[in-house]
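This document starts with two versions of one protein chain, written out as structure tokens and named structure 1 and structure 2.
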Structure 1
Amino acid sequence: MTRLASLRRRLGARIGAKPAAVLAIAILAIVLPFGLDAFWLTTATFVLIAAIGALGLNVLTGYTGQISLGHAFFLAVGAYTAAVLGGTARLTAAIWLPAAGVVAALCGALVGPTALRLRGLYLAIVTIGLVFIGQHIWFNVAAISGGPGGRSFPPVTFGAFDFSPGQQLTLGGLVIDHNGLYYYLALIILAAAMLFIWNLVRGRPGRAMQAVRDREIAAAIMGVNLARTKMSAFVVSSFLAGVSGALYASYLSFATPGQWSLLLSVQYVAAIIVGGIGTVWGALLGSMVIFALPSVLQSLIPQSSSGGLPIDDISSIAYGLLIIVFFVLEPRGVVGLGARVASLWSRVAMRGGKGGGLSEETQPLERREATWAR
């Protein structure tokens, strides 16, 4: 019994939450596609794909404190790598998907050194420049991007099997369609990435990143190699962005250069802030809010009763208002909301005579957030 308990504790420490909760979420994620119609399954797939990229941004911004608004650029680099290798050169996804990450990571390694000279919002605005210079390239180099009209992106292919619309996989009576295939691929990649990042941030490199975030000079004095730490944060972040961008474009199957805009970057930043900055789960939680919200709003607003106003504008207005209201009411994001619910729950439990106080999980989290972002 004690062995089992200690195993559970260790397992819990490795995956970041109580094993039962993680298991429940994993099972829920696996059975989810069978309970959703095509519209919501598509939305869920986009959320998972975006969460991979958001996780990357959380390494850079949340854990290392380097504010970047250039994520759209790295997503685009990954997407166009996939387009050139998978579409033009007709290679399999087993090659272009990792390659998308690697090429984006190389771009990240080129941009990384600027972070050694620039701090805070100056870095943020230089990375905005990256988005615009990137868009200039995409609009003008038609061989890569198809020019202003856009280009088609290859479906994920493994050998003879491909994920294009109409394809389906039958596993012991269960039919997984085109959307489901992308869903599970994204889920597997996201789970692997979360495990990797979770281990990374609790190890030596992750501690170094958090030290750089909290007090850069103090970290340098204690022997943290600033150049190497910031570079590796950029490389990991842009690798995940590249993979996410490649999957996103492949799932969309067609994209124009205009899509890799500053707004996309802003959505990613919003996602990690909403979900919880410097947390592994925050990337997923935030992506659920930010990237599923337009679909939710679209389904909530009846097409007929829009009073003559364009439906896109109404959902944008609602989206912006929700961002404002959300941050005014709960500046700490979904994780803050969770902490609030947890403390409320423990208070209720205490009143019921079960004991408790503040949940032990929430306390270090609050402390971590208090030291961040001065």
Structure 2
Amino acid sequence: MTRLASLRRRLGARIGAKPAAVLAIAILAIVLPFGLDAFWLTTATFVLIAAIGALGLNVLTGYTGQISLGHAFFLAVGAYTAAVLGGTARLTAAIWLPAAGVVAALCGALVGPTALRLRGLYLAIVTIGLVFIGQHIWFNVAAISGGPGGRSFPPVTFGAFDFSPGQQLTLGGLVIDHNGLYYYLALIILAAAMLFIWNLVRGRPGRAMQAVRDREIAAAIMGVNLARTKMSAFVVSSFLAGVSGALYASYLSFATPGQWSLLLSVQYVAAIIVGGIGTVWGALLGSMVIFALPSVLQSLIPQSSSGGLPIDDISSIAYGLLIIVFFVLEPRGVVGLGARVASLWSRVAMRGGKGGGLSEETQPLERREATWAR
């Protein structure tokens, strides 16, 4: 009975650990804006917006195994859909924000069939072509993008709620400014997207995606519809990219076609590699590292001591180094590092034996339980 009670306590602790951790993260995310200045709040907002797009790329590359370097194209599609519907047509964000995702998803559905014939490096090259095709369109179709000089993008508005610079929302004694409004909007969308993807990958569609990633032939033999699975991955990935691009451009309020470049796609690939490919939390953790890196370097490295290199160039070098380091040392990214630390902590706690409050009778059971987990 003592061993059974001990096992129940351990299992209960493990089951309750994740909800407790998620609750702590949620509380921290909610109160975070009130402890940051404008510079770091802006950085945090960009990280959350980027994490939405990175989550979409993780569905396509991490869970389905379809290598894509054209993510910047779908971000731009979402951004310019928002510009046309919200800026030219003057529609509310309740319309142009989801419409940006829908239009990007339609573009992803058009590109998706190429994944049925191509994979690996060949698919990556095709998606690179999307970026250059998009660059040609954005630079030459001024009605959409404003031409090489760029164009302004509409602020988010929901009826009386206006997210324009200078606007504030007062809740009791709390004042939320323009940056905070975008932060909480991005946080809500990201949380909803993470919950959706978390349920998706644990259901039948998610298992089909992971089967396609691991071995396409074996997945087809088991009855997985390859065409439908790959198409679904492209649609979901493109939808989230479109929403992210629309939010990103709206928050910037002005963007040029040159911003939707191949380097932006590489940054998103770096984010899911560093954070953890094929994990829901990896998109957020990777975005925290990659998209906050320029701000961190700017605060740590004075321009006079950077050797004449701009911060953006130093960041690009750091992206490459991070990709190499994580691929070589920890392919599972920051999520993998966290798992290693948790496993090490658990082993140390078990070896503590009596110090951890375990009796001599229950220690063998704990060792066997650790062996089962491994």
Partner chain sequence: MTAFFQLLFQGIALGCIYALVALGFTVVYRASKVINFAQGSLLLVGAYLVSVLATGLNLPFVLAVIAAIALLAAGCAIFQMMVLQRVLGQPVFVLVMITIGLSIVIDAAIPAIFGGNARILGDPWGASAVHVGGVTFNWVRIWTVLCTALILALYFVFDRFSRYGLAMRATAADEEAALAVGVPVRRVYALTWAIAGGVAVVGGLFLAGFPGSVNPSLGNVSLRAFPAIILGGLDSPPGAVVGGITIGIVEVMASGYAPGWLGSDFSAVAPYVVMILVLLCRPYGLFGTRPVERV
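C-alpha atoms forming the largest set that superposes within 1.5 Å between two forms make up the rigid core. Residue positions are counted from 1 along structure 1's sequence. Note that the coordinates shown come from a computational prediction; the quantities given were computed from them, not determined experimentally.
Undergrad: Two copies of the same chain, shown separately. Which of them is the form predicted on its own?
TA: It is structure 2; that copy is the form predicted on its own.
Undergrad: Having superposed the rigid core, state how many Å the Cα of residue 328 shifts between structures 1 and 2.
TA: In the core superposition between structures 1 and 2, the C-alpha of residue 328 moves 5.1 Å.
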